[in-house]
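Here's a solo chain for you in structure tokens, the form predicted on its own.
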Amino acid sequence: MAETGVTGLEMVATGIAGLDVILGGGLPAAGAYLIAGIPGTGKTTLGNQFAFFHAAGGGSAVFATILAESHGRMLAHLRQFAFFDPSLVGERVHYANLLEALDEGGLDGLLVETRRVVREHHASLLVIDGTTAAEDLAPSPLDYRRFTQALQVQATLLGCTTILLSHRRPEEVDAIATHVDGVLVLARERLDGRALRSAEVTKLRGVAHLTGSHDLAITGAGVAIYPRLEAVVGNAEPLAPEPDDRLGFDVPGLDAMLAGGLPARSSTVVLGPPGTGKTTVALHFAAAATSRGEPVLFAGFRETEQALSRAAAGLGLGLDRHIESGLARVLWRAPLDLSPDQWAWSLLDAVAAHRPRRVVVDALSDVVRFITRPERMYGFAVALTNELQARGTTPLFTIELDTLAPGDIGVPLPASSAAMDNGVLLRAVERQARLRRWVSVLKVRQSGFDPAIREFVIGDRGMVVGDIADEEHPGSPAGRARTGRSGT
């Protein structure tokens, strides 16, 4: 039902995940709004979902069609969605066909019929599907604009929020956009064989809303929209790291290199090519939390909860019992057809529910590779990192590097890593017919650290950091151990 928003306007929530966030709380009541998009973008599902949510809250909704699929067929399709409640059909969600009124009376007859059904059912929400047919049958474009304007005036007089669903493309709706109170454009495009859906509010009178494109998905729950992360979070000042409160890995050599561990509430990136031990380092960080009775959240893409339990057991970490007890929670998602914003919001929801002190993401590179615009990567990483810190957690991210030459000190850092406070680099090289791993600390913000490159091994006792990497072999980047301090 309607509520008063921050602007003083009476607002009608859509009940659609993410959309109300983009709209600034919902739609101003008793206005007329256009939802445009080519077939298959989710308009009909969204309109019905809005109607059922409105009815479930005590309102009365009319879903009217002009030239669309039959109501019986539509209802059969809607049964697959969780929002569909058959008990509301005919009671608070009413279906009407406006085609006959249009055929017999033209646009004026259509206007009269919409007024009749709204009054008959005491509707506070009217959704009209198939308005493209009315536009095509209008005597002229000017006549259709006049009809749209009259519908907008009628919505105000009747106190009925009115939604027009149109198959027009975004560039084809400009002519009538001035006669409605808001425009939501749904789009669909193909990229690398994936079908990407999105939503964008291009106009909304009287309400501050989120601009730009946002991911849209059609799930078993219905339409879900995932606001761009950096458009919503990340602007709040994160809690400052606490250099005197260190969170260690319980790996003596690594903790010594970090002057006792990572500063609490700081952000860390662990970089390295495949097979260098990034997940092992992440598991140590998680296990160190549970050994102190602290909750930890481990978000991964390659290893499932069962696989992580086995891996931790093989390292002698005993994380499996804490996963079973719930102290450690695993959030797994296959890195396939991934929406970065959808994943980020699910991560933040898990943080809100589990309230961990440490958060591990293994690997952030599995997320950012699905960001379609490279220039977004830094902003996305900053927003996610700042929000995790603002929620009082100490996040650690792993990032997979494609390649790294054994003696290459100038590391090709991904853009997202620049958003982190601390950096740890892992490398693997072949020496004397055996694989040798090196670890080095790239930076620890506002703190001293050991910049030496040290060799480490992974065995049934986990990660063991040893001496400075061997200087006797060509290409080795070893150097004398010394204490360093990174800038702010």
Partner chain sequence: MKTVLVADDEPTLLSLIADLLADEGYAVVTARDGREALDLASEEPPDLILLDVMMPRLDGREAFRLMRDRPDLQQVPVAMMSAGIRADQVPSGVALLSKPFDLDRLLSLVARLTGG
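Numbering follows the first chain given and starts at 1. What you are looking at is a predicted structure, and each value in this text was computed from that prediction instead of being measured.
The form predicted in complex with the partner chain is left out here; the points below concern that form.
Engineer: Name the stretch, out of 370-378, 226-234, 155-163, 305-313, where some heavy atom lies within 4.5 Å of the partner chain in the model of the complex.
Structural biologist: Of the options given, it is 155-163.
Engineer: A240, A175, A256, A150: which sits within 4.5 Å of the partner chain in the model of the complex by any heavy atom?
Structural biologist: Selected option: A150.
Engineer: Among R190, R205, R119, R79, which has any heavy atom within 4.5 Å of the partner chain in the model of the complex?
Structural biologist: Of the listed residues, the single hit is R119.
Engineer: Would you check, heavy atoms only and a 4.5 Å threshold, whether R115 touches the partner chain in the model of the complex?
Structural biologist: Yes, R115 sits close enough to the partner chain in the model of the complex that at least one of its heavy atoms falls within 4.5 Å.
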